[in-house]
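The chain below stands alone and is given in structure tokens; this is the form predicted on its own.
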Amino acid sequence: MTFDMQRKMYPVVMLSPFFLLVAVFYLVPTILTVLMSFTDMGYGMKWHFIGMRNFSAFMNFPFIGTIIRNTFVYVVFTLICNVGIGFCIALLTVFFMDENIHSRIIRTIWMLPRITPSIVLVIMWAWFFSSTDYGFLNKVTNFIGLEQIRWLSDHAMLAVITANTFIGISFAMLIFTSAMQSLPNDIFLAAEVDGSKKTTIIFSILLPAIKWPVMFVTIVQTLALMTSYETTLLLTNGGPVMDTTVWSLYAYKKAFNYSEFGHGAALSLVLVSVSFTLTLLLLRFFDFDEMMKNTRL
């Protein structure tokens, strides 16, 4: 083998373990999931191809409209809260506070939900929204003389969005903080010398300067929310009735609660297709092609 051939083969040999892991743990399961979606695989693990029957079956499900609406409300409002509050915390600690122990403490506090086990968080939120006299919110309402509220019954989606918001804020906060700290301070000082107001600096200078991070956080958080169900499963189990059942949780229950693996795979495939479409739309919304041209220049 010549030296040039050895040099060309070297990257392939070094990366082959990585390619093997990707094939075994990502590519093969993806192919199997696609094939499974066209079968009626159940508890017996037998493959019987039934064509598009799984895809037509869930469209006839009586609560499919409720599930689609729940998914839309959950993703949109949680995304707005995650990105918006994360941006505000980053803005507060970078531009309105000096880089000191206080700003670091604030960021650390908002990181706690991310590093806390899900079951611990859910127990905390279950106590916070408890409908009994021992629930935190009901203690507050009792203290000010208001009637108790059945939060997890009458406002279950609000509880789910609130819990997931506090978990997702830290990701946006870290990305935005890093992006803001990387910007040269001179452009903001020049704007202040010219008499620009804080709001003008934020919306006309800062936001356009961190458009890439905003796009990245929005897309990643959207995809994460489309497939997340853990907190919802533990907090409300999709109830009451199906008021907090989102698409990913419905797919999980079909596959693992009712052993309808083919049906669950079909639901997952539809979710992937919708997520891919949303990604393309968000790239178009942020004018990704124009951003790439400006980057090359």
Partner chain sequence: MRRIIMLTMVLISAVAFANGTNEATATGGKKVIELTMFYMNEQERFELLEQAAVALNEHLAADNVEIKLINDHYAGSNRAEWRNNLSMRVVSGNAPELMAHSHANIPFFVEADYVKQVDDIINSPAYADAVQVLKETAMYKGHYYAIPMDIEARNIWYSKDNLRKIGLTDSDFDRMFEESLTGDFTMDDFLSLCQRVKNAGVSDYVFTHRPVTGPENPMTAMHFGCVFMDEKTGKLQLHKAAMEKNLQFYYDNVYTYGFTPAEMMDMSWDEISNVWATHKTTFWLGGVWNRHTLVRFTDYDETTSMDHWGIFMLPALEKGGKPLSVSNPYYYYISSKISDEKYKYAKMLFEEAAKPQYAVPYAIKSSHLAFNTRSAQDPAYKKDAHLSRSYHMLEFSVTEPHHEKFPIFSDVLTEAMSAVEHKKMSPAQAVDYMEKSLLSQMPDDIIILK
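Please read these numbers as outputs of a predicted model, since none were measured by experiment. Positions refer to the first chain, counted from 1.
Heads up, the form predicted in complex with its partner chain isn't pictured, but that's what we're talking about next.
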Heavy atom distance at most 4.5 Å to its partner chain in the model of the complex, all of T132, Y250 and E260: yes
Contacting member of M242, V270, I68, L35, with respect to its partner chain in the model of the complex [4.5 Å, heavy atom]: M242
The single option of T116, S196, Q148, T162 touching its partner chain in the model of the complex, heavy atom within 4.5 Å: Q148
Options 211-219, 124-132, 186-194, 86-94; stretch whose heavy atom lies within 4.5 Å of its partner chain in the model of the complex: 124-132
Exercise: M45 in contact with its partner chain in the model of the complex, heavy atom 4.5 Å: yes
Contact of V75 with its partner chain in the model of the complex (heavy atom, 4.5 Å): no
Partner contact for Y26 in the model of the complex: its partner chain, 4.5 angstroms, heavy atom: no
Partner proximity in the model of the complex: T200 to its partner chain, non-hydrogen atom cutoff 4.5 Å: no
In the model of the complex, residues of 157-175 near its partner chain [heavy atom within 4.5 Å]: none
